[in-house]
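For reference, the chain that follows is the form predicted on its own, supplied as structure tokens.
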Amino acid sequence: MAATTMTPQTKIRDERRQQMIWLWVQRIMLYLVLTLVAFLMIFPFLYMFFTSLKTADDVFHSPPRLLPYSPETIERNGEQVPVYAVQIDGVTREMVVDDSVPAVTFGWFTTAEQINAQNPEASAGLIQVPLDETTELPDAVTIDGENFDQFQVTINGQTQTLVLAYRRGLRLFVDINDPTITTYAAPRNTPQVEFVDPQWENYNTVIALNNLGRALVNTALVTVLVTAGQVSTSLLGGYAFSRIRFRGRDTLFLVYLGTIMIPFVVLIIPLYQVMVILGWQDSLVSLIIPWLFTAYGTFLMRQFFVTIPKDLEEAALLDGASRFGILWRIFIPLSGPAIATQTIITFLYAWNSFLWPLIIINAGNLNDQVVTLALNHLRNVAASQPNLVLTGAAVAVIPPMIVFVLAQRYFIEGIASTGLKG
């Protein structure tokens, strides 16, 4: 048989196919890695959110689990009782405790040769028998230095002398579907039947417990006013430093920009003294007025404005437009990404501000507290209920997350388009 020969076209086609396969393999691996990294990044937020929907007992469940669960209950004798999952002959049955029957003490017996003196519960050949069906013998047996009681136990009609390894009180369990099926077990060692049950009322509890509703309103008010003020002053300052020529403009801009490097801790004492002189301490106005101006926002707007062609501005000046009219009608409509970027940054900073509110607002002034102070107070009030603490954290985190998700496209555009052109 003649050997087949590969034509150049076939060879090229095979090479392209191999390249495409390798390209798809690389893309799949890349997406898998990115998916894993993304999951690791959002997992703390998922855990916080789902924990906020749990009961306090479910938070301490071992092993930990992500979703919120609650025990299933049924009505029995006029009250709600938990349902347990009990193994009988390899079949899992839903059963409840029969409270009309008192607890029965059972003993676990084995022979002296099979007893484990150091860990009796791990002894071999253990047999479970009610203690009231056995007869205790007067003489105990010593095995490896440990004393064990001896009993006469009747098993399958034959009476044997066995050693008591341990005893335990058990309750009578009854199948909820077939009352004739019963067994004895320890409720605390028997798993309960559970179902996913988010506790949405945790949010109402937290808002009512810690005056969090008022703190949210205060935070929203402060955040909106600070964001609007910083964006407005940054637009005016950025336009002045980028388009209006005056003596010492560049030097003044460098000095103003240099204030970014001053640590906030250096400003705390003088800023606090100014608030005391003005009588603004312990009030929301102290959280708004000092933060209406920002060198970073002015720098951001200035760097964006210098990229706008001067021809637009000159044409507007020839048409008789004022400086404010040029800013309002030309520069602001073209500066959407930069404005969105500063809005998001300022919003997150104002919403999450903690140190300055902690200093200027008294702890007892609940009417003027913001979310961060309310959460700090909640951490002490509900220290034994981590589900409520994380509920408060979720209330504080969700609004800025929503804002960022809705405006992330403009944020990325603003970062990418705002360069360092002088």
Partner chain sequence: MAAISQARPTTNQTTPVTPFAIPVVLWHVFLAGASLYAAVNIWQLPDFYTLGSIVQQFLGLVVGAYGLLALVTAFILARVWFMGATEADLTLRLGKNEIEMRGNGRLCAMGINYIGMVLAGLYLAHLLGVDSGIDYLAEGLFRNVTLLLGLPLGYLLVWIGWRLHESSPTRALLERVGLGIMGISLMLVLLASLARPEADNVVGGLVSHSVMFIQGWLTPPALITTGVVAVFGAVAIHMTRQSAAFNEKTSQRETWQGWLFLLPNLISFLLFFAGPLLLSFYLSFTNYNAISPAEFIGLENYADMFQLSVQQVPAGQTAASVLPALQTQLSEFTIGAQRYVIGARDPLFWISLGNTIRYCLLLLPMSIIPALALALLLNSKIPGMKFYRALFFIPSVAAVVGVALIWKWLYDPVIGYINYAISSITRFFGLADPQILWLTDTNVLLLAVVIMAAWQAVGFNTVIFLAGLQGISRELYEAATVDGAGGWQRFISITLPMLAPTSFFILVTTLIAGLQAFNEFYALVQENPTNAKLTSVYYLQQMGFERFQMGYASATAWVLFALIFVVTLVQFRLSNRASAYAD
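Note that the coordinates shown come from a computational prediction; the quantities given were computed from them, not determined experimentally. Residue numbers count along the first chain shown, from 1.
This next part talks about the form predicted in complex with its partner chain, which is not shown.
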In the predicted complex, the one of Ala85, Leu252, Ile143, Ile330 near its partner chain [non-hydrogen atom within 4.5 angstroms]: Leu252
Exactly one of Ile268, Ile308, Ile181, Ile127 has a non-hydrogen atom within 4.5 Å of its partner chain in the predicted complex; which residue is it? Ile268
Consider Pro290 of the chain shown here, and say whether it contacts its partner chain in the predicted complex, taking contact as heavy atoms within 4.5 Å. yes
Going by a heavy atom distance of 4.5 Å, is Tyr203 a contact of its partner chain in the predicted complex? no
Since only the chain is shown here, I'm wondering whether Phe195 would be in contact with its partner chain in the predicted complex (any heavy atom pair within 4.5 Å). no
Consider Phe354 of the chain shown here, and say whether it contacts its partner chain in the predicted complex, taking contact as heavy atoms within 4.5 Å. yes
Given that the partner is absent here, state which listed stretch (110-118, 276-284, 332-340, 155-163) has heavy atoms within 4.5 Å of its partner chain in the predicted complex. 276-284
Using a 4.5 Å heavy atom cutoff, which residues in 20-45 contact its partner chain in the predicted complex? It's fine if the answer is none. Arg27, Leu30, Tyr31, Val33, Leu34, Thr35, Val37, Ala38, Leu40, Met41, Ile42, Phe43, Pro44, Phe45
